[in-house]
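What follows is a single chain, given as structure tokens, in the form predicted on its own.
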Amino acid sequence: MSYTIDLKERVALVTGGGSGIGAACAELLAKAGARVVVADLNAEAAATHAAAIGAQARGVDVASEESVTQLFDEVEAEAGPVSIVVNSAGIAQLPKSPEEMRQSSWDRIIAVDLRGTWLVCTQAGKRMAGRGGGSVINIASIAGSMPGPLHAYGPAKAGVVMMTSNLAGEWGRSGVRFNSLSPGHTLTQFIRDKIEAGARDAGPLEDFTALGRMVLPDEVANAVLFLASDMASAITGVNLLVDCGASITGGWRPYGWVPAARAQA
């Protein structure tokens, strides 16, 4: 039996939709028939991508309560009630020791990645609850469940995962589903450019995973599409890992690492 996901007439809002994972999510939701609104701090990037996929575009600073409220007010006035939200807006972090990290940088990452997710979630949740349903997908990260030198980004994403679970319980009886999705290292155009420029080594990022490669943006978008759809109607409060198996490889280290590919017949 095969299934086709049809989101026709549903309004989907994607924050951080101007590039990277958010852009891939916006494109796939549009292909599934949703009326997509691409929202991004970079209004020009949002407009460019929206034009390419037949969507609407809005500028937004997710760290600002006023900006987020205005975004929802305008989108729902012009496009209709939002029934799907993908929270992909965020700031990445380069590995730094606590001694090297400026407090202002830590504050900004927390403000966007954690507070920003909260502001969008609460606007979406209360509106969806009043209408009896909706789906919110928060883009977290494996950095939220695996320790490392990302002393702002990791805690922010860990907070996103717990926040998602909390809100799933808060608004579940109102028909609103909240799920998070934790990608591993994803080969966005930004990372691709860094690798091609020699500023990033792809080797460790690929070897870190069970599948021996990085995640592709479209693979994250596929998971988002599933969670947004009625195919996931009984799924709420989960954190779905889309990481090519990065989360499982640590246990193999004492045994010499994950086995190499078998010879093909």
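Just so we're clear, the structure is a prediction, and the values are computed from it rather than from any experiment. Just count from 1 along the sequence shown to find any residue number.
This protein has a second form, the form predicted together with a small molecule, left out of what is shown; the following refers to that one.
This chain lacks the partner; the member of Ala210, Ala63, Leu240, Leu216 within 4.5 angstroms of the small molecule in the model of the complex by a non-hydrogen atom is Ala63.
The contact with the small molecule in the model of the complex, taken as any heavy atom within 4.5 Å, belongs to Leu41 out of Ala202, Ile53, Ala223, Leu41.
When contacts are judged by a 4.5 Å heavy atom cut-off, His151 does not count as touching the small molecule in the model of the complex. Shown alone here, Ile191 lies within 4.5 Å of the small molecule in the model of the complex, counting heavy atoms only. Although the partner is absent from this view, Ser88 contacts the small molecule in the model of the complex, with a non-hydrogen atom inside 4.5 angstroms. Proximity of Asn179 to the small molecule in the model of the complex: non-hydrogen atoms within 4.5 Å are absent; the residue sits far from the partner. With the partner left out here, the small molecule still marks one of 129-137, 180-188, 94-102, 77-85 in the model of the complex; by a 4.5 Å heavy atom cut-off that stretch is 180-188.
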